[in-house]
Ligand SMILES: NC(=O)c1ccc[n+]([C@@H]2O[C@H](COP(=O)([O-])OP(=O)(O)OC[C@H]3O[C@@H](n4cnc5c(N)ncnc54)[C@H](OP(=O)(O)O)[C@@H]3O)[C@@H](O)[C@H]2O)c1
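Taking the form predicted alone, here's one chain by itself in structure tokens.
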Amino acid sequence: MSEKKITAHTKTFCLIGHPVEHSFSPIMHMAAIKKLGLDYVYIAHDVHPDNLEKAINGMRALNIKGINVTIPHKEKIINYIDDIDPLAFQIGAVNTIKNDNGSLIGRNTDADGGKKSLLDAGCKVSGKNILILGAGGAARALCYSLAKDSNHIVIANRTEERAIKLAEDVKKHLDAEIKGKNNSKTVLKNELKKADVLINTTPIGMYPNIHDVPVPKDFLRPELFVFDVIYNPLETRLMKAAKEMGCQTLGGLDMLVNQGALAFEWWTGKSPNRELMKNTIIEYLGIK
């Protein structure tokens, strides 16, 4: 692929989060942009939570055409945009924003992107017991996308009140069996005896803290499907431990690509090549 030329006509997409240095979003989006011959660039901005409102106002003023939102801004960002689609409003988290002639509209592509990743990996969620670690934006999206099909969901979070509130929020909109609990070792050990699927939505184990793990290895069972939404590293310490225990595992790369492709389609009206987006990241990392 020839090098893209940036001119005065080139428009901008971006990612905001804190931190963002670990992100592969610019790599995969630029590959899709070049393949389709679009006159856009995609860059990442590290935005401290204290500066979120200023950043959004600046992006509106600079006419940034599309914004991806990652940790820790997915919930708070709702306060600073102009409109939000119904599903994202129910979820209470936005990970994608479109600039529509100066009006910033929020959506959530994590929900569909995460569920598609699980189903494509052969994880059966229908009638299953699911344990979700964390109660932030990704957890909210996955709860809403999986609650209708699952048998029972438990949300385990360091701050139990946030987990309980998320469970209550889901039950306001969906007829679902869902509970919020703390993430003490006792709770995790007991819940993992009953769970069919474990999903880590926390940043525990994310670059640069790649040696951290949210669940002790000996709590895992071979029958468990383990999904870690972290994508850097591609294989977290949790996934390695799960494989050693005989579990089927899924990392966050497919969810990153799926949610990113949905955002890209919304921004541009064009469908990106998802395999290209995924393979570009793999090639960047030098993985065979």
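Computed from a prediction, not measured in an experiment: that's the story for all the values here. One-based numbering along the sequence shown.
A second form of this protein, the form predicted together with the ligand, is not displayed here; the remarks below concern that form.
Among S145, N183, Q90, S150, the residue placing a heavy atom within 4.5 Å of the ligand in the predicted bound form is N183. This chain lacks the partner; the member of F225, Y42, Y231, F219 within 4.5 angstroms of the ligand in the predicted bound form by a non-hydrogen atom is Y231. Three-residue candidate spot T201, M255 and Q259; every residue lies within 4.5 angstroms of the ligand in the predicted bound form by at least one non-hydrogen atom. Looking at N157, you'd find a heavy atom of it within 4.5 angstroms of the ligand in the predicted bound form.
Residue contact check for G136: one or more of its heavy atoms lie within 4.5 Å of the ligand in the predicted bound form. Taking the partner from the other structure, the ligand in the predicted bound form has a heavy atom within 4.5 Å of a heavy atom of M206. Put simply, C123 is far from the ligand in the predicted bound form: not one heavy atom of it is within 4.5 Å. Contact with the ligand in the predicted bound form, defined as any heavy atom within 4.5 Å, is confined among 99 to 107, 78 to 86, 136 to 144, 169 to 177 to 136 to 144. Of all the residues from 63 to 95, those having a non-hydrogen atom no more than 4.5 Å from the ligand in the predicted bound form are I71, K74.
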